[in-house]
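Below you'll find only one chain, the form predicted alone, shown as structure tokens.
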């Protein structure tokens, strides 16, 4: 596994009611009943046609560290009885977990994760599972739409300054999973092996100002001296036309790239491309950044842009900061159970899922069926099982590296019907059929 989250217990990354339920269950004997919980989204965020499963690896890494030491037990003892505190001291998940591989697409009702064990050992994992999967899947789903809109151009994640410091590396990981090429976040580089990228901000240009005025050219000279002509120079601190001219004067026609961070990016990209070509810097790339989302990226598709730097909109899920997944009890001692609350219904019974596709690879349907039933017949289509074992008897199984999950996302996006890649509002790309 390439998962190296910050060390330490994850046991208190939970809601108090998980532990008060545990205490009551230990008291009435229901704690030992064999149960299955499932993670799924009842619906996709508004306008979305697919989702990307992300965070599975981070959740399993956190599961291995879900332990109650003295510091954690001190908090728990403030509201729990001694018997429950003693149970938590010895807590180890001993059950089984199956789910969609990280990087797989999902749709409404897809059983993204299935957790089986005693009620007690499963119920305390709800908040941890949902906080990781909801965050990472939301970021990855937004990132996949942005990658699609970019149509093969380089994508750099640079949203660290617009989110929580611990969410930043997780966001970078999810974005890379979905097809981004690099991140500005060095903790994501260290922890997950995501390629790093970044050169300078406006402050570096401004710090070269003096009483006698602006010295943009000195900033450029300094950066090129330190990092070579292949660096990226930020050219819009003052006048962008002068900035481009000075950048090429300093670095020469082999300048790696210029970055534009403000203004009408389409108009400026055309202007800068024309100027670079006239100056002989025909291979110098143009990087744009500045509150981009998938719609802005799509609007720039016809412009001479070589790379996008995306920050705020990525780390907030581009308007959908959570995937809306829930963690519901679906089976107790082999008997299906289901919630019937209005607009919050669940379907009872442990489930499995297959996805049917044409021989061209295009997805036709997602089929969710009872785990005890026979696998649905192909019916003329190619049928692929979606769920894989992740944990057996409490032991986390070997997971594919992030690069493999990244390839799975790319293959999944290619397999969608063409309308599934539209950015406009619409129904999920494929229907989900539930077999009784």
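Numbering follows the first chain given and starts at 1. Just so you know, these numbers come straight off a predicted model, no measurement behind them.
FYI, the form predicted in complex with a further copy of the same chain isn't displayed, but the following is about it.
Listed residues 237, 116, 275, 356 were compared with a further copy of the same chain in the model of the complex; 237 is the one with a heavy atom within 4.5 Å. The contact with a further copy of the same chain in the model of the complex, taken as any heavy atom within 4.5 Å, belongs to 329 out of 363, 296, 329, 246.
The closest non-hydrogen atom of residue 411 lies beyond 4.5 Å of a further copy of the same chain in the model of the complex. None of the heavy atoms of residue 419 is located within 4.5 Å of a further copy of the same chain in the model of the complex. Although the partner is absent here, residue 165 lies within 4.5 Å of a further copy of the same chain in the model of the complex, judged by heavy atoms. None of the heavy atoms of residue 415 is located within 4.5 Å of a further copy of the same chain in the model of the complex. Heavy atoms within 4.5 Å of a further copy of the same chain in the model of the complex are found in exactly one of 296-304, 256-264, 278-286, 102-110, that being 256-264. If you take 385-409 and check each residue for a heavy atom within 4.5 Å of a further copy of the same chain in the model of the complex, you get nothing at all.
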